[in-house]
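We begin with a single chain expressed as structure tokens, specifically the form predicted alone.
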């Protein structure tokens, strides 16, 4: 009998001898296994078979109510329960918005640089993607208004704008409050649905996260995506979306939710119990302390080991540090030398729709303990020095 291959259960692929800072994944050692085990037993005891059947289209009430209460503390305003839809992670939320709010060929604006895998989801539909330059304070509002005017002269309008204002992936920056307000105003004036990827809100290390664009925008302007992948565990595949009630009603009336009911209802009930028990607060506090230490370790290693001419961010939250190499050094061409030295990363060119900055790269500090991050920085500095 032919032996079947052993199929993987993890997305990540570890390569022996390489400290791979390309993966924006949590360290399995920090995931709340015990808390989830307790919550699972409690949910089955409390709800029995009801926890295992088709769930309400919007998602289970206990989790929605907790999200509304939580955002009252972590954001500038709380949603109403009718503003919330539970999703199967942030990626599924973005895909659902594309399915219901766009048609193939629609123009969608994307900040540049941006989260590269969100771009893949947008391209699956397919959509005409247009880059909007961003700097350390966020999207360039003047260039956004200029582009919208150019589209209008061509008889086109942007249907959607995707951005990551808080603890940005890949750069780690936070959009300024002034830019957030201006962005909300421009999107409302032009009828552009702003899709705000807000998955790193809970992972703020130095100060509370700024108000989401959703919380300060006119109703109906923003669909904000949240997730438990970063604050609890990515294997849960659980997230949520906040918007106005008209859009959320459209989402829960979709064929997907009419057919299968709420997304991931058992996991959603389990997470609701984690949150209600206090284990969510304890987990987030532990994650923030852990990731803050790792961020600082990597930043210290970069300061000590990168050669002159390199610059890097020290983000206030999230998973990523953004490195600018001296002009003339291509991060893509450098990568084989870095891997030979025992470290890997993602070249910054992957995060641009067009006109990439080839001398940039993204490092994730979430996966490794401090001593390995310092060693990774040493190896990276050694590789840069060798090719400079």
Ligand SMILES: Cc1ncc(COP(=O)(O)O)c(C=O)c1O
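All figures in this text were calculated on a predicted structure; none of them were measured in a lab. Residue numbers count along the first chain shown, from 1.
There is another form of the same protein, the form predicted together with this ligand; it is not shown, and what comes next is about it.
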Quiz item: Among the candidate residues 211, 89, 79, 265, which is the single one with a non-hydrogen atom no more than 4.5 Å from this ligand in the predicted bound form?
Solution: 89
Practice problem: State the residue from 248, 313, 204, 229 whose non-hydrogen atoms include one within 4.5 Å of this ligand in the predicted bound form. | Solution: 229
Quiz item: Is there a heavy atom of residue 305 no more than 4.5 Å from a heavy atom of this ligand in the predicted bound form?
Solution: no
Quiz item: Should residue 115 be classed as touching this ligand in the predicted bound form when contacts are defined as heavy atoms within 4.5 Å?
Solution: yes
Quiz item: Using 4.5 Å between non-hydrogen atoms, is residue 243 touching this ligand in the predicted bound form?
Solution: no
Quiz prompt | this ligand contact in the predicted bound form: residue 159, any heavy atom under 4.5 Å | solution = no
Quiz item: Which single stretch, out of 144-152, 182-190, 266-274, 221-229, brings residue heavy atoms within 4.5 Å of this ligand in the predicted bound form?
Solution: 221-229
Exercise. Select from 267-301 the residues with a non-hydrogen atom within 4.5 Å of this ligand in the predicted bound form and write them out in sequence order.
Key: none
